[in-house]
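Single chain ahead, written as structure tokens, the form predicted on its own.
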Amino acid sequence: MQKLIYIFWYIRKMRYVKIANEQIHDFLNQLKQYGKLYAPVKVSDKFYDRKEIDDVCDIAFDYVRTLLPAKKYFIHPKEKMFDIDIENGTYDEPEEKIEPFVLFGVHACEIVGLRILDGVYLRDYVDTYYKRRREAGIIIGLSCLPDDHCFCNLRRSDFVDIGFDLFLHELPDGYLVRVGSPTGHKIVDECAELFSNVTQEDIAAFREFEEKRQQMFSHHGSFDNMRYLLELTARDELWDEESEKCLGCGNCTNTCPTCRCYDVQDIPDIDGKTAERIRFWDSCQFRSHGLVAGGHNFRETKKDRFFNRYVCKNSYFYGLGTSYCVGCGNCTYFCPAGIDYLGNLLRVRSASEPEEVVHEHN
């Protein structure tokens, strides 16, 4: 009966509550009863990473991006799929005990990224590894302010209305909380003493924050036609110049919330009787990515691989009406060669459209 009530609330309208700043740490500690809590923490002067949280006071609220995106909890960078008995020609899939877990502080663009991955891993051919982890994960979103590398507004991924259990929006004295799932309703109801009703002052502050956030983006307009502009400019010198800088390290794909390529290998034991099958993150920037039997490589040159990534990320994901790029800026921020992904897209757009389409703020 209680679940039906939650579903009724979810279908009828979004539920809004408020949590005050002085209650936030109590709330975070309460979240631990729903599973292991993972959240952003500062790991150096420049970088943040998501880690399992022991002391909730370590959680960073004002971060922009983490070293690895949230996808790492659903598609592990490396995992064993099963053990192989070579002599008997059998295999045994190890039982993976999936414990419930909570991801706190997930930004809107990453939530869109997870929904894109859902379309890849859960739609036509269901990936059971991914599915089990998605079902075990609770997503708590958190509002953010963009830096110079962010362009999620151009990708329509700067705000989400589904894909989370709770989403916290910053207010001067706390957070306006949107409840986005039956699990979110359950959490709020079971922690009811920590929440209060939203006031008119809170609504005004929410509007002010959203307006401030929009004004902070460096660029405005639309990237909806970017895929076609890229295809039309495939022979431009831009791609020769920029691909020369590329180290082929794969950092851009590792840090991307939606890059999903992986490789599968069978690793035999030294005795030759057993083996294990593993899969691990792969990158389209590696020469081996396009290499097939017979020595043919579908993307022989670094330029081929470099340009392919731009076309791939700007391809249209029809399931969500957006591209595979969510505008997080991670690839630029973490690129050791200093390649400016957004800058290159702006060069493509400004060369094909009137200059007044691109607006920059000082």
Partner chain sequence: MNTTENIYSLYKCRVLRVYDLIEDVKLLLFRFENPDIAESWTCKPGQFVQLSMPALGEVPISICSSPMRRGFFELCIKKTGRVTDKIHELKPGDFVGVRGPYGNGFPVDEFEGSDLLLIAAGIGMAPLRSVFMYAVDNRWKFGNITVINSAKFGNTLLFRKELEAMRDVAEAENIRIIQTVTRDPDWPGRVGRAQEHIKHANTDPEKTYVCVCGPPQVYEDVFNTLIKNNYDPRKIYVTLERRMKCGVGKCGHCIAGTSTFLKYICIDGPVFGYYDIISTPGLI
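Positions refer to the first chain, counted from 1. What you see is a predicted model, and the numbers here were worked out from it, not measured in a lab.
Separately, the form predicted together with the partner chain exists; it is not shown, and the next lines address it.
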query	finding
Stretch in contact, per heavy atom within 4.5 angstroms of the partner chain in the predicted bound form, of 142 to 150, 166 to 174, 189 to 197, 272 to 280	272 to 280
Contact at M14, L103 and A136 by the partner chain in the predicted bound form, all three, heavy atom at most 4.5 Å	no
Candidate from E210, D236, E96, D263 lying within 4.5 Å of the partner chain in the predicted bound form - any heavy atom	D263
The unique member of F74, Y121, F223, F206 whose heavy atoms fall within 4.5 Å of the partner chain in the predicted bound form	Y121
Contact label in the predicted bound form: R299 to the partner chain, heavy atom within 4.5 Å	yes
The partner chain contact at V126 in the predicted bound form, heavy atom, 4.5 Å	yes
Residue contact check: Y324 to the partner chain in the predicted bound form, 4.5 Å heavy atom	yes
Partner proximity in the predicted bound form: F159 to the partner chain, non-hydrogen atom cutoff 4.5 Å	no
Partner contacts for 276 to 294, taking the partner chain in the predicted bound form and a 4.5 Å heavy atom cut-off	R277, R279, D282, S288, H289, L291, V292, A293
